[in-house]
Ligand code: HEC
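Form predicted on its own, single chain, as structure tokens, below.
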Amino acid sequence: MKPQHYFGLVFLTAFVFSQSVTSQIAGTKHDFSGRSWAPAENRMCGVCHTTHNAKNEPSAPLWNHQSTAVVAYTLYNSPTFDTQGGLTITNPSASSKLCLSCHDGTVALENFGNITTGTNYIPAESRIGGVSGNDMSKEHPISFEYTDALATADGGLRAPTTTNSGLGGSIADDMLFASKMECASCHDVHNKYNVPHLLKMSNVNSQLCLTCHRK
């Protein structure tokens, strides 16, 4: 294949992908097209992604947004959860940290690219991590290894490697990241599934919760 044909194919693939994702995001909370704080050319994809000079975020392609300012969170804690097989919950990792870059309220929404002086934040009452942005103790636990051994020890969880997620594969295949539960286990930032609240499936009658929980 000649070089110009190769680059043309790459450009076309990227364009088609961008158009598809744009149509999915339109009208959701991640549609920033009507936000005055975002430059017009960046209101859809550019808040999170960039084609050039991306930030070094291995878990996110071409990442463009400033990272959360929180170094350590107050983590979820429960004697009926943390003691199962020596389980430990860590500070948010991978994609969850990227979500918290906006959703813990410590970094302005428009702090992407070279902007670091933004003044628009997610409202305090809507923040994950409490009003201060660092208290995850009352949020659903994330960044812990959800394994078959944990499910057996807990007694109220379904085995992730053998339980159908309802999304085409097992819980482990479709909802976990390096065997860990993360924000993106339940949410899809690009609204691929077209479910309210950017969920991966409807939670009517606790359907999403009951994918993993047996009680």
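Note that the coordinates shown come from a computational prediction; the quantities given were computed from them, not determined experimentally. Think of the rigid core as the biggest set of C-alphas that the two forms share within 1.5 Å after superposition. Heads up: residue numbers just count along the shown sequence, starting at 1.
Just so you know, the form predicted together with this ligand exists too; it's not on screen, but the next bit is about it.
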Option touching this ligand, based on a heavy atom within 4.5 Å in the predicted complex, out of A38, V70, A159, A184: A184
Close approach of T74 to this ligand in the predicted complex, 4.5 Å, heavy atom: no
P141: touches this ligand in the predicted complex, heavy atom cutoff 4.5 angstroms: yes
Distance check, T152 to this ligand in the predicted complex, heavy atom within 4.5 Å: no
Partner proximity in the predicted complex: P61 to this ligand, non-hydrogen atom cutoff 4.5 Å: yes
In the predicted complex, residues of 125-142 near this ligand [heavy atom within 4.5 Å]: E125, S126, I128, M136, H140, P141, I142
Yes/no, S126 Cα shift of 2 Å or more between this form and the one not shown with rigid core fixed: yes
